[in-house]
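Here you get one chain, nothing else, as structure tokens; it is the form predicted alone.
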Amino acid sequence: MTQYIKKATAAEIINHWLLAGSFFLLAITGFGFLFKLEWMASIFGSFHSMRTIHNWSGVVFIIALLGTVFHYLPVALSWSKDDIEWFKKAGGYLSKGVKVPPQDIINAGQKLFYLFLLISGIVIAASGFVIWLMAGVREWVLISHLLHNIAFDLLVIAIPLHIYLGTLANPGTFRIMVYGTVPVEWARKRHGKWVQRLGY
């Protein structure tokens, strides 16, 4: 019988889906604004209603993003020689025969991605709030539009890669975001340090 280990709580799973859902709503409406897509605006009712949805989705996004800080940031800031070796061996993604060093509850690649997501998310949220709430300050709005668009472009490239690595490239990972558990043997291979710390 397969033994499972808990890797995410119900609150973390819900927060992850809120983060993902709000991001996709922001990306869709953001494309609508960027390219002035009339047909997309009509789906949401109008450009005005699409902007309202975009703005409040941004509020949900930043709340959900900040909700990850207590769980992921301490681990993401904790680096060791094993993490450097993980990168040298590309996490084992390029060759199944490569032995990667033991990892924590998130691996070195996930640590780097999380830090990127946190920084980009804060930049896109802060610039978005300036555009939304300080429309009368022209210089700030212009700078914010630039930062907003750069962060948006980076996230639109990185998030699909994250989805691929968390599904097709690494079978078993998506289960965490549904059930919050993974098989112990699966975890030993990918997160040996964490599993050992828990005494499995």
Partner chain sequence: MARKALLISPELCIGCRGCQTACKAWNQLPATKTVNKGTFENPPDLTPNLYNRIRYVEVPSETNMVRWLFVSQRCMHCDDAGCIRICPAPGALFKTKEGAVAFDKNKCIGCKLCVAGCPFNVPRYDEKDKISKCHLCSDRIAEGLSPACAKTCPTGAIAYGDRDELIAKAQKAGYQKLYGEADLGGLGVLYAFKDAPKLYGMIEKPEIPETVLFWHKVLKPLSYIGLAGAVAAAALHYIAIGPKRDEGGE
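Residue numbers count along the first chain shown, from 1. Keep in mind it's a predicted model, so treat the numbers as computed, not measured.
There is another form of the same protein, the form predicted together with the partner chain; it is not shown, and what comes next is about it.
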At the 4.5 Å heavy atom threshold, is residue 68 in contact with the partner chain in the predicted bound form?
no
Give a yes/no on whether residue 93 approaches the partner chain to within 4.5 Å in the predicted bound form, heavy atoms considered.
yes
With the partner left out here, check for me: in the predicted bound form, does some heavy atom of residue 152 sit within 4.5 Å of the partner chain?
yes
Any chance residue 190 has a heavy atom within 4.5 Å of the partner chain in the predicted bound form?
yes
Going by heavy atom distances of 4.5 angstroms or less, which of 31, 44, 56, 174 would be at the interface with the partner chain in the predicted bound form?
31
Those residues of 32 to 46 with a non-hydrogen atom no more than 4.5 Å from the partner chain in the predicted bound form are 33, 34, 35, 36, 38
